[in-house]
Every structure is written in C-alpha cells, then in structure tokens.
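Just the one chain here, the form predicted on its own, laid out as structure tokens.
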C-alpha cells in the first residue's frame, strides 16, 4: 500500500478532527474544565497516556497566556477510564516568553469519591517566536518508506475491542522492529515507525503529546508481554511540525526492578526533531 493509498480521501484539519473533538474541554469556571474521555483512545480498557496528556495539555493551553507546550511532565497516579472527567489548572508563574502551570485530571470512583488520575506541571510559550538557529548531532532514525512498513492490518486479527486506538491512527512499523509480533523479539529494545492520525489531520504541538506514547512499547521487543503502564512521562516540544506523517523512534536501555525507561524522538517531514520524551514504565516480569 502506498502512502497516497493509505491517506483518507478527505483530510481532517486541525481544529476539526476526531482528535480535536475527543480532547475538547469546556471551561466551567476560571481554571476548571469539564470533558469526556473517549473510549476510542483505549488499549483493552486502559485509556492511552499520550491521549490523556493531550487532554490536560489542551486545558492548560486555554488557562495560560501562552498556547504551545514547551515541556510537560505528568505523573500517572491512578488508571483513567472512559467517561466524564474534570481538569483543574493553576497558574504558577507567567513571564514574557514562558508561562508555567500545573493541572490535575480527576474522576469519580464507584463510591462517588473524587480521585486524582494525573498530575501535570508544564511550561508553555510561543513556538513561532523561537529563533531558527539549530545546532544538533541528532539524525532521523533509519526507516523504510511508509508503504514498506507494517500496520495492524498486516498482523493477526486483534481481539474485538482490544485496541480501539488503532482505528484512529495511521501507524506503520519498521519490519525490523516487529519481531515480537511473530514471537521472535530482537531483544534490542527499539521500535520505529510512521505515525499520523487516521483522518489525515496534520500534527500540531498537542498531537505530539499523543505521538510519543502511541507506538507499541519497547518492552515487547525485550520479550515481555502485557500492559506496560506509564508511571511518569515528560515531553519536550521543540518546534511546530511540518505537514505530513511523523517518524517516531523509541528506545530503552535499562530494565531493572520491574521498571524501564523509554525515550522517544519524533521527526517531521522536514527532517526536524520536533519532540522528545522520556517515560518511566512498569513491566510485568515472567
């Protein structure tokens, strides 16, 4: 399948797409936002951590005087579930080029008690105001053309309802990093692939928060199975991405004590490093 063939006939636009609708927040009062977490961004029953970060990131973009996330760190305290939720934000500091805020995403449990799901600290600015000077030794990851990579349709049929998020993504993985899907993990702890939204919406700073956490976990290529819940995730957004699919490169170097770190690089169609992240995640051993 070619890149053109995999693109939707009618492309959604930023502000008018499924991602925008499902991350929408409604301001109830200053700093307080109501929302509904969509079941469309789940894996089994777990709401994807990158989607959750984008939801909170959208609330902070409204609450703070600057609209673009520069750095955002989230601690995942309890498992979120689809349905109503609230984001409470607080402005910590505002400056000329950066503003810093914190936010909590909350839901109610079966007993009607409010439970904090995520706590976030973030600094926002204006990506368009950054200087063009780039001095880097980073290079885009080696990745075959999109039509030579593998997507969900190329593997075994998934269990019904097991990965709703896959229907909302254009995700094509480097064949060299999908040995785990064939029962032959490489042990290298690397996953590489093309990333986009299935409706053709181009990437923006908020969708980069999803991109860093949307590929299969590197734990799979280490021969581990099962859910890999995020404990903490920090994302650095470096510049506004150019139109077109993104390339995402995940690596892990150290699994110890049932936890691993996972580093992500996100590259745009102009060969720019547009986002970086590191997360700490738990793994099931044995």
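Positions refer to the first chain, counted from 1. This one's a predicted model, so the numbers in the text were calculated from it and none came from an experiment.
Only in words, not in the display: the form predicted together with a further copy of the same chain, which the text now covers.
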property: Candidate from 170, 176, 98, 150 lying within 4.5 Å of a further copy of the same chain in the predicted complex - any heavy atom; result: 98
property: Option from 134-142, 178-186, 209-217, 196-204 whose residues, in the predicted complex, bring a heavy atom within 4.5 Å of a further copy of the same chain; result: 134-142
property: Contact test in the predicted complex: residue 122 vs a further copy of the same chain, heavy atoms, 4.5 Å; result: yes
property: Exercise: residue 276 in contact with a further copy of the same chain in the predicted complex, heavy atom 4.5 Å; result: yes
property: 4.5 angstroms heavy atom contact with a further copy of the same chain in the predicted complex for residue 37; result: no
property: Any non-hydrogen atom of residue 27 within 4.5 angstroms of a further copy of the same chain in the predicted complex; result: no
property: Triplet 77, 254 and 265 all within 4.5 Å of a further copy of the same chain in the predicted complex via a heavy atom; result: yes
property: In the predicted complex, residues of 205-241 near a further copy of the same chain [heavy atom within 4.5 Å]; result: 222, 224, 231, 232, 234, 236, 238
